[in-house]
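Coming up is one lone chain in structure tokens, specifically the form predicted alone.
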Amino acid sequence: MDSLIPALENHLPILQVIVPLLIAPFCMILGSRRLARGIMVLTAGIMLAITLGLASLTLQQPVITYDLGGWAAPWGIEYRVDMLTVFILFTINLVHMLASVFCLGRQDGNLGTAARPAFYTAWLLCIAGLNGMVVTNDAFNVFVFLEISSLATYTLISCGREPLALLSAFRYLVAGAVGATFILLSIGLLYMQTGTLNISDLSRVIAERGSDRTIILALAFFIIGVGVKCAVFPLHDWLPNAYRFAPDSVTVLLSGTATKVALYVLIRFLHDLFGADFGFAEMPLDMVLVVTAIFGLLLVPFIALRESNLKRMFAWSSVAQVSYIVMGIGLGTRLGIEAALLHLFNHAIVKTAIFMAVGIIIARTGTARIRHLGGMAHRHRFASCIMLFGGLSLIGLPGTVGFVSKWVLVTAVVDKGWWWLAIPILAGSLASAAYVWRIVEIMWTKPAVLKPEAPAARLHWVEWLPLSVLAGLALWFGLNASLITGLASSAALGLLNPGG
């Protein structure tokens, strides 16, 4: 046993991918939905434990490398784990763990009749792809894992019980295929110019040779492709319907993981592959990202305000919140990256909690129409209060996690000398207050328009437990953000100064 633990520690990076990849087929082979759900939750717990193990190792060794098959980079495929990697892995696997528990309470009630245990296989394949995108240090492997997670995601969305779920999955497939094509073209151009696919090696060769038209074109293709995957305004069209028609548990999972990993890839490629000097000094990438973010955080809340469907409204909110993260990335400074990572984590836990609460209310009432939510706060107090608390965090009210990350973002724009950016940040928060207040007004002040549900429709432990954990984390980090702020700061510093 003493020799087994160090051996496992040496393989923790690859276990982030291998464990869900190997376990996924058993969910389908066993043919039992109950067993498949149990395997899914058990796997989620294992993945979170592996992430915590990697976190402890990075405290001793800032950068952990793993050569797949013993072939050293750049000839072989290298996995690389640092503080930024652990930060994102923790976000993914924490959300995965809580979403898996929440999925137990769905009892497949919101899955289409075609859903089989293969649903849970696709669920684990999605997680394997997302984790692989984070740990790999090979540009082509990023694309491979991107396709694994994307194909699994299309399957998960199509399992919704409404007929339009299949159409939403197809629209996402088309948008995802376009985005993936641009990313693949970017990687192909980089390989053509450098002869390597290892991200660290690519960075070295680009720095030595300098930029040319091919590298510039590769950067442009990459920004477009990953922008689709991040749902960056105006490349976001796939997201509202994907979240709206996906099963509730799938919406919960995707809202806290999919776009967050795509944003991580954006950060990693801009700084570790292309280099900050090229992207933010030679190219006007900072202004492109910042201007895009301004339009997103100012315009999208008004689209959300006009929505009649609760899930679509909060889906549009996700597009707006991504804009704050993109703005932090666009600043290109340590504080900017720190603000982006903070908001990435905070939005993941808040939006996961919100969509859990939304799923509970929809399951109890049978409707997602906002105008039908009158009196809901008095009949489903816990879920309604979670939704209210999450909405206040989206606004950025003091005492919430949203305020912490937006405050760091304002500090970052002032530190860079772009103090005027504080105006659209504040305006975006005020715009968010409009659609949040609309929900509050209807749920707390309007009379009920639906017949009361049966008294037996109370919260099950698999519903209130993950909600309570997420609410506790949001409250804790909102009142005492030193831990998460320190982790985000260390991740940003390690990204910009890998040798320091």
Partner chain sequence: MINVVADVGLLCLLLTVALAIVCTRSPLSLVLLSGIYSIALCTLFVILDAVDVAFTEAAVGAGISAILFFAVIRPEDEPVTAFSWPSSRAILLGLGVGVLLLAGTLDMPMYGDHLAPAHQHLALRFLGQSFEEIGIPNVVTSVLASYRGYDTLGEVVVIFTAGVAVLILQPDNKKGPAKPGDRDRFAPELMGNPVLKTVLLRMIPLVVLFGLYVQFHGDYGPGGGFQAGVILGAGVITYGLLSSATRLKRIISDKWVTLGMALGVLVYGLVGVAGLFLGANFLDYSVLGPTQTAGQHLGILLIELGVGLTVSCTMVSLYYCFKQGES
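Numbering follows the first chain given and starts at 1. Computed from a predicted model, the values in this text were never measured in an experiment.
One more form of this protein, predicted in complex with its partner chain, exists but is not displayed; see below.
Looking at 89-97, 76-84, 349-357, 270-278, the stretch with residues near its partner chain in the predicted complex, meaning non-hydrogen atoms within 4.5 angstroms, turns out to be 76-84. This chain lacks the partner; the member of Leu104, Ala422, Val144, Leu335 within 4.5 angstroms of its partner chain in the predicted complex by a non-hydrogen atom is Val144.
At a distance threshold of 4.5 angstroms between non-hydrogen atoms, Ile29 is in contact with its partner chain in the predicted complex. A residue is said to contact a partner when one of its heavy atoms sits within 4.5 Å of a partner heavy atom; Leu22 meets this definition for its partner chain in the predicted complex. Proximity of Arg213 to its partner chain in the predicted complex: non-hydrogen atoms within 4.5 Å are present.
Taking the partner from the other structure, its partner chain in the predicted complex has a heavy atom within 4.5 Å of a heavy atom of Tyr191.
Counting a residue when any of its non-hydrogen atoms is within 4.5 Å of its partner chain in the predicted complex, the hits in 151-179 run Leu151, Ala152, Thr155, Ser158, Cys159, Leu166.
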